[in-house]
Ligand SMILES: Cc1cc2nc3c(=O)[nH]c(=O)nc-3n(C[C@H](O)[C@H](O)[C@H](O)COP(=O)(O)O)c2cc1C
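What follows is a single chain, given as structure tokens, in the form predicted on its own.
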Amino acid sequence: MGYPHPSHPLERPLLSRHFGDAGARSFDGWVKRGGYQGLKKALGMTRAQVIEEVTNSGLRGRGGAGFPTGLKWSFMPREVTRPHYLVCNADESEPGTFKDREIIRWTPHQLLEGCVVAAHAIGAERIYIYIRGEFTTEYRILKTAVAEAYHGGVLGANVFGSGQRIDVVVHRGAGAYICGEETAMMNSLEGRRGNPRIKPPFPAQAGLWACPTTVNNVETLAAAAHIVREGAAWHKALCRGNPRSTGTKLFSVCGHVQRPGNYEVVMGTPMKDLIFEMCGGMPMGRRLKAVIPGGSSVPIMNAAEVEDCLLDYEGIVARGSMLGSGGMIVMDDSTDLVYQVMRLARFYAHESCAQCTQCREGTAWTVRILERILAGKGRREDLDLLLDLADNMTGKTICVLSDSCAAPVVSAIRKFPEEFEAYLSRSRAPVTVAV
């Protein structure tokens, strides 16, 4: 995997500081590197004080939605009259995203420390870490870390002598992308089919087993303990002029770059710096054509939009896309975008839970139309049909899987119409699409 390159502008990485350091995996190794100091500090604070610290830090969810973390924690009832649960979303299945698995692989105690800080803040005695089933190595490492944490007093009936009980259960998923959606994940944890639930009620009202529940992403929770240890002002200062996007962000960069991998940057770093300086730019003789900045479920950006784009929530929205999970897929001028969006649409059609008609039918028909265009049998009205399908798939379903399918297709049609025209005019040779 790619670790921070020497030209990296972040002098002292936060979350990725110990990537590649096998000694940081163990409990003793993490403590030796300053670990669990944030948790000890948090246990001396009230729930409200921890939530206030995280709220003031400006930390926002790093899994895709970008919702303010402290605000989400504050939704949990103040009085614990029923069990409270924390669910850690480690089901990293978004195409183009591979940063959470690196946190687990190299610094599992960084995640556990953040989980226990969050559990203390929301009044939870039990944490469920829902990990992607294919992460066999990471699962083994995490299970070892959990056993060490129990032995070291981080977990169990008396967390660091505080008298507080917090337990962790590591639950392996079975390969369903849809279970990355928080309510589908809770259904899966309960032993049900992993279908998203209608909201309200929201998880903080009635989540896992109808009890108050908070769901956070791995990267979000890993940052929490650092914030408590160093303070909200410290985290808020980690930005490049935009107080609404603070801290650092891990970006998983793949595709047509010379140095793919995970890179941690301060929010507000120019996208060009990441692609061309840290990742080495395009292969020799190639030019940048397009970027999907936040995992495959966000709109595609063209080269002009990348030019002055800043890597924060507002900066990417201003250029017509979303920061999402930070899974950056870079494409050079050799890319057939019609073929690529067909592959993305096929993924979403395969992963649809089929609960909503708009998603079940819309994703399937999107694939069929794109395959027809690629086969040289497309009609010009097919583009309007794709846009009409996308309109009926967006904002009209229980979860946003169908929106995720529509976003790259619509953006490709609007920003790269010549790609589709080449197939529709038969000036480009048909492509045989493997089933």
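Residue numbers here begin at 1 and follow the sequence given. Here the structure is a predicted model, which means the values were calculated and not measured.
This next part talks about the form predicted in complex with this ligand, which is not shown.
The partner is absent here; in the predicted bound form, the one residue of E102, D312, E182, E264 having a heavy atom within 4.5 Å of this ligand is E182. With the partner omitted here, the residue from S252, S321, T248, N217 that has a non-hydrogen atom within 4.5 angstroms of this ligand in the predicted bound form is N217. Taken together, the three residues I300, T366 and C405 all stay farther than 4.5 Å from this ligand in the predicted bound form, as judged by their closest heavy atom. The stretch that touches this ligand in the predicted bound form, counting heavy atoms within 4.5 Å, is 208-216, out of 275-283, 208-216, 162-170, 140-148. For K72, a non-hydrogen atom is located within 4.5 Å of this ligand in the predicted bound form, even though that partner is not displayed. Using a 4.5 angstroms threshold between heavy atoms, S93 counts as touching this ligand in the predicted bound form. Among heavy atoms of G61, some come within 4.5 Å of this ligand in the predicted bound form.
V410 falls outside the set of residues with a heavy atom inside 4.5 Å of this ligand in the predicted bound form.
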